[in-house]
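As structure tokens, one chain now follows by itself in the form predicted on its own.
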């Protein structure tokens, strides 16, 4: 199944939790929507979903109701105040946190009917390297790995990249550095990471952008709004808008959503 020539599917992942993956997914989606794009965000972290909190949305139904056959995909979609269409995940459900690759593939097939209406489908993918995480990432046109400048984040991001490389999913793979001090810091971190992938995996990883450490980000979380929307003049909001421009400059490759399921 093809998702079509228009929509671009972006997977946002990290080797570990707590590196700002959902913050980046929510604000990238918001920045793209601000620029006039039609954007859907799938909260693919189905065991610990929290994208709805970042948007300040009240969620009655989520993807667990779709999997149970109680609701259709279209019936659970929420349009946020920023114009992003949100597909809520579920929180605290162990069976969703451990989807098999087959289940994840079937889940993704449900988006075929919506694809013609979208410019971007962004998937906020669970942390780690489970089968369902790899399946989600294999299905994406582009794969963004979030990394902070600390040893555990660095090591876990590399582990994710290594597994993707092993599963023939290292093309269109980019590093996105978060909570850096400035662009020079981001470039150093990317250079260091890229040296490792070149040496041990024999391929180069691109750099799609960076986000600086900014007190506006946790403040926006507390107020349940994207920082792009709540603090549009902040340094982080500027980074997210630049990230959206970088993303929009990418050329959509051909991807078969079920090639690996």
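In this text the structure is predicted, and so the values were computed from the model without any measurement. Residue numbers count along the first chain shown, from 1.
There is another form of the same protein, the form predicted together with a small molecule; it is not shown, and what comes next is about it.
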Legend entry - Any non-hydrogen atom of residue 211 within 4.5 angstroms of the small molecule in the predicted complex: yes
Legend entry - is_contact(residue 19, the small molecule) in the predicted complex, heavy atom dist at most 4.5 Å: yes
Inset, instruction - Considering only heavy atoms, tell me if residue 179 and the small molecule come within 4.5 Å of each other in the predicted complex. - result: yes
Inset, instruction - Although the small molecule is absent from this view, report whether residue 221 comes within 4.5 Å of it in the predicted complex, heavy atoms only. - result: yes
Inset, instruction - Only one of 205, 33, 40, 217 comes within 4.5 Å of the small molecule in the predicted complex by heavy atoms, so just point that one out. - result: 217
Legend entry - Option touching the small molecule, based on a heavy atom within 4.5 Å in the predicted complex, out of 163, 127, 115, 73: 127
Inset, instruction - Among 171-179, 131-139, 187-195, 75-83, mark the stretch whose residues have heavy atoms within 4.5 Å of the small molecule in the predicted complex. - result: 171-179
